[in-house]
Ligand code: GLA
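Just the one chain here, laid out as structure tokens, in the form predicted on its own.
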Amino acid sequence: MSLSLQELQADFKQHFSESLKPIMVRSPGRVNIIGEHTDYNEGFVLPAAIDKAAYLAISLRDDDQIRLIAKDLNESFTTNVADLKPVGDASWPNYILGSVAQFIKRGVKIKGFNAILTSDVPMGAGLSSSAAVECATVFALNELLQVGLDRVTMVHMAQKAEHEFAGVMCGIMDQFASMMGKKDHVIRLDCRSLEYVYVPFSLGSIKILLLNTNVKHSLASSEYNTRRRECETAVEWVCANKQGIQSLRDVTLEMLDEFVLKQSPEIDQRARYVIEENTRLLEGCTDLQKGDISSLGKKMFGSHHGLSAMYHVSCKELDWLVDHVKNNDAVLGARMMGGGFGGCTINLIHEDAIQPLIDIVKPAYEEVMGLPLTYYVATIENGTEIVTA
């Protein structure tokens, strides 16, 4: 990160004139290797915490005032515990305030606090910068107030903060990956039961390269809601003919052939992608256990094809980036990552091929799309934790 922990600590003391040292919490962004749009269909996802993170320096006050500083934005915000409510004109305080509200809902007596936030999770890149802030806040307050919450409970609280104060009805994956991450492992998470398994993801010379389209189309939120409805419709049609169907998790391809395809080829495609993606993910975990990264990479390309051609949540910029690496022998796998219509592609690539690839793809993308192409090399790190300067 550009701001050292020592500087963050010194900054805290300068702003708040405190003799007490704050605690400092690091909470990471996340990538998702495979398994997109499966979470709200009670399927599987395969996320991991990364080395890009939000950092929160925080200490309690003797009154009920909450004083917040967003270092990177050069913005500040002040309120009182008694006046806690969503903020309309700035988004970042809501991630912190929404997290505070979850403690109050649990009957925890909240004190005021001072906090400085800084982050090197790129905003708008689909790396869940908001979940990182929410998890950092919940974790820090749990520590300071000595509430004794377990990590899974804190995941749910961070998710509720996003729902209730940021107004985004996200699934559980982002907060789960940020809070529960483990170095050099991905998390195979069952979004129905929340059962999870750490799967080794030690790649040696193979690195995770994120290529950021730097575009966010306005379709994203409306089409996301449309996809959810389309999946629910497929489930309703199968339910009308089969017992025990709760979500697409319970639906087979044969059921789609019989009960959905004839009614709507489009809805069939949406549901078929989700079912196939769950299969790709589970088989990809077997590949990882065998150390067969090449087979996992092929499934990532298959995932992108499904997201683009069947689920229709890609865009020309994402498709262009995947198309321009798929015949490169140094790239084992690539796909769009996140909700779609912008954000990043995730690529598994040999380390010594990263710069040559960037040298070719960056100017070509910028000429064709008229947009900057930025990139990040991510490593898999631990989830939310206290750090020291």
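Note that this is a predicted model, so its numbers are computed, not measured. Residue numbers run from 1 along the displayed sequence.
Keep in mind the form predicted in complex with the named molecule is missing from the figure; the text below concerns it.
K.L.:
So if I measure heavy atom distances to the named molecule in the predicted complex, which of the stretches 54 to 62, 347 to 355, 322 to 330, 39 to 47 falls within 4.5 Å?
P.N.:
Correct option: 39 to 47.
K.L.:
Find out whether any non-hydrogen atom of C170 is located within 4.5 angstroms of the named molecule in the predicted complex, and reply yes or no.
P.N.:
Because a heavy atom of C170 falls inside 4.5 Å of the named molecule in the predicted complex, the answer is yes.
K.L.:
Answer with yes or no whether G338 is in contact with the named molecule in the predicted complex, where contact means some heavy atom within 4.5 Å.
P.N.:
Within the cut-off, so yes.
K.L.:
Does F259 reach the named molecule in the predicted complex, with heavy atoms at most 4.5 Å apart?
P.N.:
F259: no contact with the named molecule in the predicted complex.
K.L.:
Can you check whether Y224 is within 4.5 Å of the named molecule in the predicted complex, heavy atom basis?
P.N.:
Answer yes; at least one heavy atom of Y224 falls within 4.5 Å of the named molecule in the predicted complex.
K.L.:
With the named molecule taken in the predicted complex, which residues across 250 to 278 come within 4.5 angstroms through any non-hydrogen atom?
P.N.:
Residues within 4.5 Å: none.
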